[in-house]
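One chain comes next, on its own, written as structure tokens: the form predicted on its own.
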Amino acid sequence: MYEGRERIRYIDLFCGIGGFRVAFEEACSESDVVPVCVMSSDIDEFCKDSYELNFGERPKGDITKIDEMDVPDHDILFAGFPCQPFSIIGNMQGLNDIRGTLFFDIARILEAKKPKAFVLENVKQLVGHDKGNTLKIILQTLKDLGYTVQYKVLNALDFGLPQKRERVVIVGHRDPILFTFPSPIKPFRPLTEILEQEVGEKHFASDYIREKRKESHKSAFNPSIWHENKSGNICSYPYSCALRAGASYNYLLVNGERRLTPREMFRLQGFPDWYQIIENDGQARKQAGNSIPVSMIKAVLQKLLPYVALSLDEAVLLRDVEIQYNIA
């Protein structure tokens, strides 16, 4: 079945429910490449349940307890690493400066296994954290490991998803290629393609909340998703504000009336409907809120994939052709 097709090995760190895996496997399918996951890792048992349910394998546990030499060889590394405060960072000493943070576990694996490329994802606030010093150290550390590194803040709304969700994406590659981030894909899917037609009563807000919302706000859109900020101000759009794992229960309401169903939240993140959702609404909501926008990451991987599948000589040739014809 796969005879003669290029195989790309990858590892899926801080894998959560497998957003990177869905994005990469979709990108590979469209490029006639065979993706081979050689290792996944996460500490959340409910996320591991979802990952195993959908991919037939259970991720390993705490990455800090996995020796880098025990990590299988791979061509590309994915990591939506946790956005902890990086309080240890500050002395601008490269690898020594990020020991004790979970980013160090990515760095030590890159140093030991030297994959062709990596794609990392984090909240956009990482860009300005500690006046930009945190990101500066991360980028310099990756460059010191032999990678050409680029980063960009991308918005899921620009890649077909009706959700305003901004994330910083960091891409690195060892070979001298001409990678560029993808251009926005417009328009985003209408909410009519996301919202379910039949929704259980448990998803509806109380009469009091619905009446209070509609007294304070009139929407110009139908359907719309109403958003209440921390100050209690209400706004609505033909798309969703960012899903958040720790948000209040009524943070987002469809037409000011009901909460999003698990399937709707997963669709807003770009997960296909074949993806099986854990039968625990609280955990499903948390998992969707913590996941990556699949369609956005897929667009990045489609730009990177041709280089990862090539030898060094082929990658250099492709780069030179792109430079000559300005087609990167």
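These figures come from a predicted structure and were not determined experimentally. Start at 1 and count along the sequence shown; that's the residue number.
Although it is not shown, the form predicted in complex with a small molecule is what the next lines describe.
Remark: residue 178 does not count among the residues lining the small molecule in the predicted complex, judged by a heavy atom distance of 4.5 Å or less.
At a distance threshold of 4.5 angstroms between non-hydrogen atoms, residue 264 is out of contact with the small molecule in the predicted complex. In the predicted complex, the small molecule stays beyond 4.5 Å of every heavy atom belonging to residue 38.
When the small molecule is considered in the predicted complex, residue 209 lies well away from it, no heavy atom lying within 4.5 Å. Taken together, the three residues 43, 82 and 292 all lie with some non-hydrogen atom within 4.5 angstroms of the small molecule in the predicted complex. The stretch in contact with the small molecule in the predicted complex, judged by heavy atoms within 4.5 Å, is 57-65, chosen from 255-263, 276-284, 57-65, 24-32.
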